[in-house]
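Only one chain comes next, encoded as C-alpha cells, the form predicted alone.
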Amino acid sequence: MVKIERMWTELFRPKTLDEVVGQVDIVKSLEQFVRRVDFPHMLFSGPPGVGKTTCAEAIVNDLYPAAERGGNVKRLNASDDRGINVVRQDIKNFARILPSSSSSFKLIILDEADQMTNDAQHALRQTMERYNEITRFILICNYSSKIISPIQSRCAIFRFRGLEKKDIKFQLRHIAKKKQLIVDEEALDALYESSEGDLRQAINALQASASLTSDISVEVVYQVQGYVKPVEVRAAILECLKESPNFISARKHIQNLMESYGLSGQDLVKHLNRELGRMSDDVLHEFIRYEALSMLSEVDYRIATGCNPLIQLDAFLAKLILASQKQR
C-alpha cells in the first residue's frame, strides 16, 4: 500500500501561540488573553494563509488540556454551514451547555464567517449576546466588511496582514531542514513572490517542488507553480518603452505568456501591475508609471465585466507606447 504523506501545512502548523510566525503584535495580545484565561469574542480578519486559523487553533491548545478540547471546543466552517438553521440548532445548542468544571468558558471557532447570510449573522449575534458568560466565539473571515456591525461591535477585531518575506523564508527554511531539502535563495525568493504573503500557498509549493527533487532551484519552483518569471513580463513592457517601440514584439510576448503558462487575462494584469510597481525610475518614468497603472486598472475592470482579454491587453500596450512617446 502506498503511504500518503500528510500535507505539510498541517504537519508543520504551529501548535501554540509562541510558535506562530509573524503577526507579532497580534500574537502578543492573544498571549495576554490566554494568560488571563479570559477574553472577549474575537474577529480575525485578513487574507488567506496569514495565520488566522492557526492562531485560533493555538489558542485552543494553550487554553484547554487535551482531554477537555472535545467537549469545550466546536469548529464550524460557515461556507458549508451558512444558514440560519445551523445557528439556531448546532451553534445555539452547543453554546448554552455549561463548560467542563475546570474551564471558565467554551469556545466556538467559526471559519469563513463572512460567507454567512445576513439572517444567520443576526441570529448569531443574539446567541453571542445571550451566552457570552459561558461561551466565547472566534470568527474568522477574509473581509470584515461582510460581517454585520452588531457582531463587529461585540468583538475584539484583529486584522491580519500578509506575512513579510523574512517570516515566510524563515518558515520555509525550517521545513526544508526538517525534510532534508536543499533550497537555494533564489528558490526561496520565488516561493515568496508566487505566494504573495500567503504562507500556506508557499508551503504547498515547497511540498510540490520536493515531490520532484530534494535539490530545489528556482527553475523547479517555476515549473511546479506555473509561475511567470518577472523578466518575461518585463520584456513586454520594455518593448513599449524603447525609443523605437515595437508593438508587434510586445504583443507576441503577451500572447506567449498566456499560452505558455495558461494565464487568464486578469492573471496577466496582476503580473503586469507587479512589474510596473517594481521598475526603477531610470527605466520607467514616474509619469508613465502613473499612466500605465491607471490604464491597467481600466483593463482589469473591462476584462472582469466580460470584454475580450487580448483586445484589452493590446489596447493597454498601445496606450503605454503613446504615453512613453508623449513623455520624450
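As the structure is a prediction and not an experimental result, all values here were calculated from the model. Counting begins at 1, following the sequence as shown.
Beyond the structure shown, there is the form predicted in complex with a small molecule, which is absent from this document and is the topic of what follows.
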Candidate stretches 177-185, 163-171, 130-138, 234-242 - the one whose heavy atoms come within 4.5 Å of the small molecule in the predicted complex: 163-171
message: Is the small molecule in the predicted complex close enough to Thr9, Phe12 and Gly49 that every residue in that trio has a heavy atom within 4.5 angstroms of it?
response: yes
- prompt: Should Cys307 be classed as touching the small molecule in the predicted complex when contacts are defined as heavy atoms within 4.5 Å?
  reply: no
Interface membership of Leu313, the small molecule in the predicted complex, 4.5 Å heavy atom rule: no
message: in the predicted complex, is there a heavy atom of the small molecule that lies within 4.5 Å of any heavy atom of Arg88, even though the partner is absent here?
response: no
task: Indicate whether Val20 is a 4.5 Å heavy atom neighbour of the small molecule in the predicted complex.
output: yes
field: Listed residue that, although the small molecule is not shown, lies within 4.5 Å of it in the predicted complex (heavy atoms), from Leu206, Val220, Leu199, Ile109
entry: Leu199
